[in-house]
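Next up: a single chain in structure tokens, the form predicted on its own.
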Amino acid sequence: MNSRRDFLQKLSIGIGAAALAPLSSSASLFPSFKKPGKKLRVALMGLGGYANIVARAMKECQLASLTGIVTGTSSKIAVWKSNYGIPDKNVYNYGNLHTIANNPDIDLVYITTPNSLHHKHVLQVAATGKHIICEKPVADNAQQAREMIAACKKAGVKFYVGYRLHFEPHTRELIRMRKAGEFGRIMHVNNYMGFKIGDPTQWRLKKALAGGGAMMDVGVYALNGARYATGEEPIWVTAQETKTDRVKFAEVDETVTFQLGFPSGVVASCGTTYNFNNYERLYLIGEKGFAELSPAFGYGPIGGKTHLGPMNQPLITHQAAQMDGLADCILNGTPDPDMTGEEALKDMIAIDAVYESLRKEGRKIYLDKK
């Protein structure tokens, strides 16, 4: 497999699932949706592999539409204009991005650039007065995330992060069951997410662009999953790293196992890797029952079962549901889901602690002191 995108698409059929099983529309999944007088108009910033997935998915959206692009690669412009009907006036580059402020055809910019550019690009877009959704990990560290949140608040714009699973039916059902007490007191969580990364020259293996390795890229799924599986925030972290290829992974982490301690006494045992495949699961054990999602974090279809049997939730296109859901928040004033900059900051605080523990040979790092 040559890339993270290939891994996620092959592991979890994703957009291609339409050929195998009927997908539920955003409207049927979220019947509270109200069709507004206008759609949320979105510009994609950074036209790499994931932007293509989002763009294709948005063809299913009922409340959001793709109306603009921001790219530093001029050779991509003609294809995107042709595929998605983007007019010349809605095409931007990184040099003239500030002029997007004057374009009424764009309400929100979706940032899918490399991780370490997120901080810079969120500050730039916030200054234009456009709403923002940024892919995860939101930044290189918690301090950058705080600065991004502050900039968006100052500009009066919405700031979301691409936690698409918060709109995914199996994930939402697990959270509903946990909140309803159907698992009883949570006793243990075991989550992991990883894959064997391909091209050794790609940006994800360069710290200056990626910010870190597997922990930043896909470890955030296991971490965020532990938080919504318990409904708590971690108070301590310990972590260990295994590195088998010190050439390929010279700049970033390869395989990390980490533990999260929660106020109730629950310990989540988590892992992430760039070195092998078939490593994706969320497992929750409670006094009254259990839940297992496997696959748990890819683009779909997610699979799940509990002590009551198969979860049998509808299959959806995650990115379409995410964009319709966020459009519903912005246009109709429905409550924001757990996809805000503040949600991402909580993950970044824990990720910072993971890396601190690695630097200190696995020492326990207390988050309440950070």
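This structure is a prediction, so every number in the text was calculated from the model and none was measured. From 1 onward, residues are counted along the sequence shown.
Same protein, other form: the form predicted together with ligand NAD, not shown, and the subject of what follows.
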| property | result |
| --- | --- |
| Proximity of Phe290 to ligand NAD in the predicted bound form, heavy atoms at 4.5 Å | no |
| Partner contact for Gly300 in the predicted bound form: ligand NAD, 4.5 angstroms, heavy atom | no |
| 4.5 Å heavy atom contact, Lys76 and ligand NAD in the predicted bound form | yes |
| Ligand NAD contact at Asp140 in the predicted bound form, heavy atom, 4.5 Å | no |
| Residue (of Met339, Leu47, Cys329, Leu315) lying close to ligand NAD in the predicted bound form, criterion heavy atoms within 4.5 Å | Leu47 |
| Listed residue that, although ligand NAD is not shown, lies within 4.5 Å of it in the predicted bound form (heavy atoms), from Tyr221, Tyr279, Tyr92, Tyr228 | Tyr221 |
| Contact segment among 177-185, 84-92, 109-117, 145-153, judged by heavy atoms lying within 4.5 Å of ligand NAD in the predicted bound form | 109-117 |
| Residues within 4.5 Å of ligand NAD in the predicted bound form, restricted to 123-159 and counted by heavy atom | Glu135, Lys136, Pro137 |
